[in-house]
Structures are given as structure tokens and as C-alpha cells.
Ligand code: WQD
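Before any questions on binding or motion, here is one chain by itself as C-alpha cells, the form predicted on its own.
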């Protein structure tokens, strides 16, 4: 079985991707510094797939540690790179943290493996489109000036990857530009596990519903959208994880589009924040305590993706809808209330 390195593999998307890689017949190997995750997630993964994945704890910004790992793991055939700081709001407040963590980790990894043939799947984001001119946004849309340091790190990373793939015969790269991951595994054994105050909408919704948070604030109610709140393309994390498996498979076969390619990963449908709240209330039967507050710096008003290229090129499309997203996230929150992690 092919060994696939999953950086950030105990994180939210990473842990679900480890599960789907195993189901697809791959052997996932995890590197994570546990800065935004918990070691107990390995036990949770084991409950789902029956084996505990190989795990290495260190920071990819440590070049010496990366080189040591590569020296001792010569049989890695693919890399799925999630490890990065990822909160838009925090990146505006702490830009240097984001540039250091997100850039150094990627460069160290690419340098260390440049002498070996590697299939590389990068965790990119729809934030590279900024505020798009046309919706739904396609992969051919211009990459605009980022609205946050987080978004800018994704743009810079894509440029680094494209140029590295072009210059290095050993690299094939796919960047998956995904929209807003939500939901949890159907077992309710893994899901989004933010440390401290959640930076993303859905864990704040579920934590408010269960009583961990007193109230949810919706950032902005005066945008030019269906109800004044921001609009996003929410994608179930299990569908998203399966897209990474599809990307690895495409690279194994050889991507006819060349050594570097990008794909949108979403549902192709936008929901406003208030619509997402209503969907959660319907799926959970819980009335949410929330209010509409001022806009948040760095937020894009509305974005959702055209996913035709992913359907035709990756042979992948989302199968889980908004009700699945909300009900699974709520099941995970209830599990955590009885089985705390961390």
C-alpha cells in the first residue's frame, strides 16, 4: 500500500482525510505539532479504522527535524499538506505568525523531498479569489489581492508550488481550493475541535447550542446579500476528505492537465450565515441565542464555487447536504459533552 504523509493529520480536515485514505487502501503517516489539535484524536481515529496511524510530533518549521524525518522515511510516495495556521481574523491580528508558520513549513517540506518523486496535494482555499467578480467562481477566475494575511499565504503557497513543480521533474502538484468545511464523521468520533474560542462559524454555533458559549455574534448584517449576512459555500468535511483521496489517485495515474493543477472543492451552492443558523436549528431542534454585530475585518462578502472541473477532472463531487453537515456537527458536539477531548 502506498504511504501518504499527512501533515496536520490530527487536525480537523487532516483526521478525516486519514480515515478516508485508510478506507481507500493507503497507509497514512501523520506529522503534527499539536498546536491546534489533540493527541487523543489518534485514539479516536483508531476507533473508526481499527488501527492507530503512525504519528510523528514536531514542527515543520524546524528544518532539521524535517530533514531527519525524510532521511528515515524514504518510502513516502505522496504528501497531503494541511499543516498551517488557518483563522482569517487571527491572521489580521498576527500576520507574522501566519507568514512564518505557513510559508516556512511548506518550503522546508518541498526542499527536503526535492530529490524524490512525490505526488503533492496542497490544502488551498477559496480565499485566493478574494471578492470574486462573478459567481459561482471558477478556477479560471483571477487571483485577487488577498483580504487577509491567511488568504495571502495561500496565494503565495500556490505560486511556490506551481514554480517548484515547473522547475523540478520530481514534483506533481494539485492544489485543492476548498470552500467552508463543516460537519463531522458519521460515527461522531472525530470532528472540528477548536482550541479556545472557535474562529469558524459552525463550532461556535454548536458550542452556543450546548451551553459552552453564551451567545453567537453574526459578523455583519448589512451586506448586499439575501439577508444581509455573509454567504459561503459549506462543504461536508467527509466529502472534502474524499476529494484529497481523489487528488492522490489522479496524480498516481498522471494528471493530463500537467504538473500543477487546481480544483475547487465545494457544493456549488451558497448559504448565508443566517441560513446556516436556521439549518442548524432545524437539524438539531435547538433554538440558538445569537445577535447580529458589526462586520469583521478581512471577511469576503459572498463566495461559492463552480465545481464542474472537480466533477470531470477528479471524478469527485459532494454527496452530503446542509442537513448532513448540521446534524453531524451537532452529534459530534454532544459526543464531546460526554467524552471531553483535551
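Positions refer to the first chain, counted from 1. Predicted, not measured: the structure shown is a model, and the values here were computed from it.
One more form of this protein, predicted in complex with this ligand, exists but is not displayed; see below.
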Residue 160 versus this ligand, in the model of the complex: is there a non-hydrogen atom within 4.5 Å? no
Any chance residue 281 has a heavy atom within 4.5 Å of this ligand in the model of the complex? no
Is residue 296 close enough to this ligand in the model of the complex to count, meaning some heavy atom within 4.5 Å? yes
Report yes if any heavy atom of residue 273 sits within 4.5 Å of a heavy atom of this ligand in the model of the complex; otherwise report no. yes
Assert contact_stretch over 296-304, 32-40, 281-289, 310-318 against this ligand in the model of the complex, heavy atom within 4.5 Å, equals 296-304
In the model of the complex, the residue from 99, 260, 113, 204 with a non-hydrogen atom within 4.5 Å of this ligand is 204
Looking at 199, 108, 155, 77, which has any heavy atom no more than 4.5 Å from this ligand in the model of the complex? 199
Looking in the model of the complex, is this ligand within 4.5 Å of a heavy atom from each of 127, 180 and 218? yes
Which residues from 142-162 come close to this ligand in the model of the complex, meaning a heavy atom within 4.5 Å? 150
